[in-house]
Ligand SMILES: Nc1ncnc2c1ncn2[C@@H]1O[C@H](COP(=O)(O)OP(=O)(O)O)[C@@H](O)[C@H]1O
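As structure tokens, one chain now follows by itself in the form predicted on its own.
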Amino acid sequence: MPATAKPALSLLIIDDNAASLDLLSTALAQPGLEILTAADPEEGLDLAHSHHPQIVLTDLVMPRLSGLEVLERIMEFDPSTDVILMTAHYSTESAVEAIRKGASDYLNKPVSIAALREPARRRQRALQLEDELLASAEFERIVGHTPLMWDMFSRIRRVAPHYRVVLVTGETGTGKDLVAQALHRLSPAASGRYVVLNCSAVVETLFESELFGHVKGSFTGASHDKAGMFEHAHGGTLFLDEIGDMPLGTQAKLLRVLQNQEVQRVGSLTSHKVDVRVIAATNHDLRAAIAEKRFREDLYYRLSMVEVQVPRLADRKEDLPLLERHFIGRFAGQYGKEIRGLTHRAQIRLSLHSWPGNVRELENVIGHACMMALGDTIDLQDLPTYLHVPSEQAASVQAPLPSPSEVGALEEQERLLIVRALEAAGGNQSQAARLLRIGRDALRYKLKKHNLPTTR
């Protein structure tokens, strides 16, 4: 890590005892860990708001604000923070209360330094695993690790070496252009040109000239011979984006080119061979367009001999954290900012959005948030205005409380995470707690909360 880079992990220690603060900050110091200290709980909360530490270590008994009150305030701000309470006056009742309010652990003084180092170690390992997962989930610049995406990646691998024509379908913003680029890069034509024609941006009267070229004098304004897209892409790939917007007359001529691999320039009496792989993409329902006489049925069957469908983001929301991290990395580098990630409440807000604009919308949202973020973490106020509150409550001035259905969904998500952690740990609760980045007591409380077995 460069000397000027900000540590990936931040720990805030709040304790009104100055000697304890010095001892803890010295004992816990390690490379890659930023340590913040506050002798006053109000000052500590200000640091928590400005620096977004991933871990907060706070004394329980302090003047003005207790450790439990600090915990409550931090949980309101960012529930993803690991808050660990320390006390010389341990009681089972206060421990249960702390865990119920969201504490990761509750430790009795004198506290073992090894026990305090464990949360930082878990967090650092989690960051490393996230980086490894992102690297392993990226296929030809496309990010995804859900079964839907694995199926699509497998299909691309199988199709790429052999295709002559492929149809890529999916809603606007799903990444059809990335799929087309992946097909080209993995094909035998990878060393050839990759030529793109956006069919929705071409004037109807110029379509044939754009695709097939023209000879001098073939129409008004044709002052010289011009090669079309097919000739330009000879030996490579031609990507016809939004082919559903192509005029019917041009569709008929395109079909002949696909069948014969020959093009004839507008105004020419001769044709010549081309060696071009064609990828067509559309967000339209071409079968409906055929029924409405807007698309040729024979061209559709020629194009759809091999079809790759790109999933909607709404159908693979499990990929949201990876995509968020991917785009944060890109835009933070572009803007020269050290942005670690999103607060828990910002993540929840994004997870509740329906994403009608798919991955492109998410990319724009993260780009906007990275530009607006003043600190090293993206929070709700950094998101575009329309995402500050759920759309059905956009007229509300105050931030709304979560609906019962949203709370239920989050409770079920927490239960599933616990079940998966236990399965991954082979039923070992200590190991499952480490995977979940919470203490053993916190896990036992959550097991009871969700009516899960509390014994191995």
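Residue numbers run from 1 along the displayed sequence. Keep in mind the model is a prediction, meaning the values are calculated, not measured.
We do not show the form predicted in complex with this ligand, though everything after this point is about it.
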Looking at 234, 296, 312, 360 here, can you tell me which has any non-hydrogen atom within 4.5 angstroms of this ligand in the predicted complex?
360
Note which of 186, 278, 323, 255 lies within 4.5 Å of this ligand in the predicted complex, where distance is taken over heavy atoms; exactly one does.
323
Would you mind picking out the stretch of 214-222, 171-179, 261-269, 79-87 that comes within 4.5 angstroms of this ligand in the predicted complex, counting non-hydrogen atoms?
171-179
State yes or no: in the predicted complex, is some non-hydrogen atom of residue 160 no more than 4.5 angstroms from a non-hydrogen atom of this ligand?
no
So, residue 107 and this ligand: in the predicted complex, are they within 4.5 Å at any heavy atom pair?
no
Check residue 207 for me: does it contact this ligand in the predicted complex (non-hydrogen atoms, 4.5 angstroms)?
no
Verify the contact flag for residue 141: yes if a non-hydrogen atom of it lies within 4.5 Å of a non-hydrogen atom of this ligand in the predicted complex, no if not.
yes
